[in-house]
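Heads up, the chain below is alone and in the form predicted alone; it's given as structure tokens.
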């Protein structure tokens, strides 16, 4: 395996200097949470394991996520696609080309088995995380691929939240693939080759590029900032928090036999959130901090302390008003106001040009992993859509998806294998 490339070093510099470099230096021998946070330096993340990588893996700096519609009606073709994707993913995450002949080793008069834009690049900690959407199981009121009885109860159709402006072309999907890497070209290359392999069986429904992670998933990483300039994900569940992961992220065992294939997996919530950048940029610093509930410089709660000090929601100023406003983002989203539920976030900033009206089409591509979206996402999002002034006045959700992410894969197996076996 090659050493860290010049491109990789540049990506590290853009990811936040010391914190990002420390994340790479931690390295990974497997996707056990401890190994991911403290293993020897390497540019690859282990592909096989009890859980899929790309969840507790220390968040990389770049994202390319894509959702696919399955257009074949043949169950055997769908299974073969998942096998082919698994084989390709194992190669890609190891820094290898796809197919037996790769980008340039095959016949000159045949299409290459790899698109080639990652030649000379290392894996840059690429992870590929796969999930299944509700419509893979049921669509237009009918079952698909014999899977209607295997749809988990937690894999709901997300409700339409107040203020949503969802666009159909950015919402839903039968399958999802999350590609994260410290090199944007490596992440794009991975999704492109999976789409190529799926030609005739799937078509891309939507895709999203992201840069500048907005959450740290390991204590080896510094807290990043979102496009509003504030630190994001300060209280995020971390890879080292095994107890919290079990309580809030991983699907437990002991459920229905038809849902046993999800034991040890998780549920991925994806929301494309457009930020009204221009309005925010004309808002005073005092108002910005009041809306968030934290200082912009250090990320400390307005009740005092440092970034990781627990907010004191009862603390009052000289005017006897609470220091952390009742409609602030921190208060409304805090676990203490949401029945103690937590989530593991892996969001990214995005900028998709302009909207044609002179405004940036930019914001947060929100990604979270939870054990059950009915308890760990929907109630909190409903509260924020109704009570959080930041969400009401400065944000709009334009894309959405919920996907069941099965546990990891073993050599010789394929993603979601348990779903297709009795």
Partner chain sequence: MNAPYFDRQSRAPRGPAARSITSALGLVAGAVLLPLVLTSCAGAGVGAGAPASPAGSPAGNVSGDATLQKLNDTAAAKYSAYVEDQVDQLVAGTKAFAAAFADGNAATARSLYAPTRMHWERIEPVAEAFGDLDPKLDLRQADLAPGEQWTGWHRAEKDLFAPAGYQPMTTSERAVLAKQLVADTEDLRRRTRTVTLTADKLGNGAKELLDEVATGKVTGEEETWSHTDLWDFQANVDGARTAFEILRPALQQNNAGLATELDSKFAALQTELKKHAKGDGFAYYGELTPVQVQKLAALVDALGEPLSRLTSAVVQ
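Positions refer to the first chain, counted from 1. Not measured: the values here are computed from a predicted model.
Not pictured, yet referred to below: the form predicted in complex with its partner chain.
Shown alone, this chain has one stretch from 86-94, 147-155, 326-334, 246-254 that lies within 4.5 Å of its partner chain in the predicted bound form by heavy atoms: 326-334. Contact with its partner chain in the predicted bound form, defined as a heavy atom within 4.5 Å, is made by all three of 279, 291 and 396.
Of the listed positions (264, 105, 163, 143), a single one reaches within 4.5 angstroms of its partner chain by any non-hydrogen atom in the predicted bound form, namely 163. Contact check for residue 284: a heavy atom falls within 4.5 Å of its partner chain in the predicted bound form. Its partner chain is not shown here, but in the predicted bound form it comes within 4.5 Å of a heavy atom of residue 392.
Although the partner is absent here, residue 159 sits close enough that one of its heavy atoms falls within 4.5 Å of its partner chain in the predicted bound form. At the 4.5 Å threshold, heavy atoms of residue 168 stay clear of its partner chain in the predicted bound form, well away from it. Scanning 302-325 for heavy atoms within 4.5 Å of its partner chain in the predicted bound form gives 319, 321, 322, 323, 325 in sequence order.
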